[in-house]
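Before any questions on how it binds or moves, here is one chain, the form predicted alone, in structure tokens.
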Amino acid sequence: MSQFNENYAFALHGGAGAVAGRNYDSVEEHLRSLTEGCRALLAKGCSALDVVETAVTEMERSGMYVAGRGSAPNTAGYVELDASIMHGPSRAAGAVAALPGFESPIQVARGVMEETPHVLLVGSGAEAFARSNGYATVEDPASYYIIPVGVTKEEQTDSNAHGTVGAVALDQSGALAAATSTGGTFGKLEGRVGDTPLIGSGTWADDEIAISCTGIGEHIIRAGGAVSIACAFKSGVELETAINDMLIEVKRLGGDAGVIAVTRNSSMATLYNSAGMKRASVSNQQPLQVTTFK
């Protein structure tokens, strides 16, 4: 752990599934408000791990994104959620996949990290862990889940439509953390798992960089995902080049994706190869930026 200093940085995304021509003004306002709140937390010395969990939890509960409350059922008719979180300095990580019936999978993922010797729990095992530890359940799925902003009812059965939320942060102690959560692709098969809950694919944090990915998970996994970016960056490749190399491979494989990243020196990047990516970023040296298509 480095000596306490005044540097901090934060970025978040609401998914790379934005459709050109649609209005995301309400989403951008939500991202702005959330980013301002997270900046305040980091400015007063809160940990990067707590801040990324806070941000993703709020995005899950808002219903505005394809994660948490904004998720759609799988082909078996019920919602399965994926999430992961990672603490850079310790490499501690926790994740859940195909988790049904809980409001905040990112909170359950952190529980897996802190309360078990495991990294990933799935399906009924993840559900049993969450229930035994008292995480908030979804009592009435029919009324709880809603269609998120920028998604049509018809698209909720389209397996090409997707969305994810994520956050990365650098705190004033020099620690990095990342968190990612998703409802997966629309029309997915029961039990489908993408990149989001896979440490190294959808989420990564170490001493030098924190990363959260969004997009079509199958292609991100096959392209090497977050850890391929981290390895390239730590070998001396420029941050944006490292990210773009992974995105180029995703595109070559037939998918689309987006990436947010923050480094130990508070550099940030929010890049994508899809039509748009809902995103925001801020640091003690950079003013708050919020956008979807630019």
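Just so you know, these numbers come straight off a predicted model, no measurement behind them. Residue positions are given as counts along the sequence shown, with the first one as 1.
Quick note: we don't show the form predicted in complex with aspartic acid, though the next part is all about it.
If you check aspartic acid in the predicted bound form, you find no heavy atom from any of Met86, Gly94 and Arg110 within 4.5 Å.
With a 4.5 Å cutoff on heavy atoms, Ser104 does not count as touching aspartic acid in the predicted bound form; it lies far away.
Mapping the unseen interface onto this chain, Ala72 falls outside it, with no heavy atom inside 4.5 Å of aspartic acid in the predicted bound form. The closest non-hydrogen atom of Gly194 lies within 4.5 Å of aspartic acid in the predicted bound form.
Under a 4.5 angstroms non-hydrogen atom cutoff, aspartic acid in the predicted bound form has Ile216 among its neighbouring residues. In short, of 94-102, 137-145, 117-125, 177-185 it is 177-185 that has heavy atoms within 4.5 Å of aspartic acid in the predicted bound form.
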